[in-house]
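First comes one chain, alone, set out as structure tokens in the form predicted on its own.
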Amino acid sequence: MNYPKTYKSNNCRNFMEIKGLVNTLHSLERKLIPFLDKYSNFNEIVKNSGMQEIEVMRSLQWLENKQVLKIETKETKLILLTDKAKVYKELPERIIINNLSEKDTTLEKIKEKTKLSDIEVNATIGLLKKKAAIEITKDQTLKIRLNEEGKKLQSKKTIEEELFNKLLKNNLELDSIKDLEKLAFENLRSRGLLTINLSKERSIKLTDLGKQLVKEKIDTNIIESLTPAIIRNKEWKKRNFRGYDIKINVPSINRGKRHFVDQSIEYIKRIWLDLGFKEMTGNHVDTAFWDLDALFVPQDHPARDMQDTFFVGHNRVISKGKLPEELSKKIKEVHENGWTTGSKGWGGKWKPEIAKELLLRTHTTVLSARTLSKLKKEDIPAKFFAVGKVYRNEALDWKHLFEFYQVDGIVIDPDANLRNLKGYLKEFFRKMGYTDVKIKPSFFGYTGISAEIFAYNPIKRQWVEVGGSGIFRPEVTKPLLGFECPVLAWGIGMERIATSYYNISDLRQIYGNDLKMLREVKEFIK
């Protein structure tokens, strides 16, 4: 292809770039371009182009995206007189001073002479009195105060007056006034005489590409969209079509995706499944028997109060469920005297009516209890996990929720020990992005050997408490399994470990449905 001599070598690329750009210009851009090398001020462009302000603004933004020009905006804060101030030729205090003689003058005479309203006179008199320029005698007459030379104390114009007189002639930029004038401005502004108006002045500056573009002869009679009339009249043969600009910036489209909590749950489940665990599932509503009694929680424990647990019922009457007949006999014995576990139990009388009460499960450990009750000796060793929602009657704050997900796990194995427990937890948290795990002695009601779990967060560089763990007590395992066997167990708050990954400091943010956060939150670990 033979290019014009002026576009040889490096200019060949520029020539093709310009021609390609011209082909994609919108009709509004084409109409505006001839004025860009003549005017740089936005208002002048609007005035001389004959286009509407919105059309000019939109066209300039499109051209800026195409790197033809840069839009520069200068914001200026202008001091303006309010409508109240515009009626004055000078400030009210000067008007009153000029109408005060050295003799006593009554308030009524001042109002009559100055033609000021009662409110204006009273406010100004108070201001002058504050400045010690006048005094009011006992008989309510006004007297101007004189200096040692016998002149009025307010004979010279104040800074407020000088600023006011300037503004009578022209508006001033706020940044242009001096320190003392700033104090005068604040005084006048507090009196409702001055205001600030934010003025934006836009101008354009052509880029090198833009300077070349304005020299081009641009066809303004193009076809933007094809219509039946254009086809019938065969105008498409005489006119050029506008080309598509495949490089132009377009608004980003937010694709649909799973909530990051769902992503976290899916990932956590995958970890346990890969470690050979089977998933436990169950109902969100269960009896106190499975949720508390089977886990050796005494029937007078505070957790059973309405303040801590959501009971299910109607008109303050708690609904009742059914109990497994044979197992409930063993649980009764365990609570009252320890049964055959070697424990003394809790003493007192175990009441089946309390165990029948329906509630929203307070932990997913209820699933562990149900799972253990179904196991036989030939099923052991076995490993199970659960990730499910639990409910506590908690006051909502930055670190407490009344609905949250709990990650539970149990390992039933005659050879299980604390070293195994730490190994499982360490592997899980390693895959969750934590570098190390500590388990520290603690106390939990249904584990004989109990430990709190602390995981080291490499981002925050600190140890974070993430849950509880231990080995189930014989009072839990023997009645459920029918025989004694060590059972490793743990319960972890899922939101607490996920928030560290997402850098969320307030648990309430997780379920706040903030669209901006949901769009921008990073994907979970892959």
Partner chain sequence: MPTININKKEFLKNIGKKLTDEDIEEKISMMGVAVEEVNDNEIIIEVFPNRPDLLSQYGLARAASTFLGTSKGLKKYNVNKSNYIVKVENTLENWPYAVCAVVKDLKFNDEKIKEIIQLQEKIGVTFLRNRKKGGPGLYPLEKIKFPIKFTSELPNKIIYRPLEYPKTISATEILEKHPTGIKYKHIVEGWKKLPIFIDAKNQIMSMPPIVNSHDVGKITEDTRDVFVEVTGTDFKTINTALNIFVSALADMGGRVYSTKLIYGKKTYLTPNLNPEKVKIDFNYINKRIGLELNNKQICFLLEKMGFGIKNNTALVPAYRADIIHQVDLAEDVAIAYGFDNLKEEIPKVATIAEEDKFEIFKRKLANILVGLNLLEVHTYNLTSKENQTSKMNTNIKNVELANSLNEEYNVLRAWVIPSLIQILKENKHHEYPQNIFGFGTVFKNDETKETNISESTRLAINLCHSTTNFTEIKQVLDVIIKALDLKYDIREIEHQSFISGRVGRISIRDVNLGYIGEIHPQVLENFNLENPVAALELNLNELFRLLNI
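Here the rigid core means the biggest group of C-alpha atoms that line up within 1.5 Å when the two forms are laid on top of each other. None of the values given here were measured: they were computed from a predicted structure. Residue numbers count along the first chain shown, from 1.
The protein also exists as the form predicted in complex with its partner chain; that form is not presented, and the subsequent description refers to it.
Enquirer: Can all three of Gly20, Asn48 and Lys74 be found with a heavy atom no more than 4.5 Å from its partner chain in the model of the complex?
Expert: No, none of the three is in contact.
Enquirer: Among the candidate residues Asp245, Asp219, Glu279, Glu201, which is the single one with a non-hydrogen atom no more than 4.5 Å from its partner chain in the model of the complex?
Expert: Residue within 4.5 Å of the partner: Glu279.
Enquirer: Please tell me which of Glu162, Asp413, Glu235, Glu90 lies within 4.5 Å of its partner chain in the model of the complex, judged by heavy atoms.
Expert: By the 4.5 Å heavy-atom cutoff, the listed residue in contact is Asp413.
Enquirer: For the chain shown here without its partner, which stretch in 162 to 170, 235 to 243, 433 to 441, 220 to 228 has non-hydrogen atoms within 4.5 angstroms of its partner chain in the model of the complex?
Expert: Residues of 433 to 441 come within 4.5 Å of the partner.
Enquirer: Give a yes or no for Leu69: in the model of the complex, does one of its heavy atoms lie within 4.5 Å of a heavy atom belonging to its partner chain?
Expert: Close contact is absent here: in the model of the complex, Leu69 is far from its partner chain, nothing within 4.5 Å, heavy atoms only.
Enquirer: Does any part of Glu475 reach within 4.5 Å of its partner chain in the model of the complex? Heavy atoms only, please.
Expert: Yes.
Enquirer: Can you tell me whether Leu396 touches its partner chain? I mean in the model of the complex, with a 4.5 angstroms heavy atom cut-off.
Expert: The answer is yes: Leu396 has a heavy atom within 4.5 Å of its partner chain.
Enquirer: Does Glu266 make contact with its partner chain in the model of the complex, using a 4.5 Å heavy atom cut-off?
Expert: Contact with its partner chain, yes.
Enquirer: Within 4.5 Å of its partner chain in the model of the complex, which residues of 378 to 402 have a heavy atom? Give them in sequence order, or say none.
Expert: Counting only heavy atoms within 4.5 Å of its partner chain in the model of the complex, the contacting residues of 378 to 402 are Pro381, Ala382, Lys383, Lys389, Tyr391, Asn393, Glu394, Ala395, Leu396, Leu401, Phe402.
Enquirer: Does Lys322 move its CA by 2 angstroms or more between this form and the one not shown when the core is aligned?
Expert: No, the C-alpha position differs by under 2 Å between this form and the one not shown.
Enquirer: Is it true that Asp262 shifts between this form and the one not shown by 2 Å or more at the Cα, once the core is aligned?
Expert: No, shifts by less than 2 Å.
Enquirer: By the 2 angstroms cut-off, has the C-alpha of Glu353 moved between this form and the one not shown once the rigid core is superposed?
Expert: No; Glu353 is a residue whose C-alpha shifts by less than 2 Å between this form and the one not shown when the cores are overlaid.
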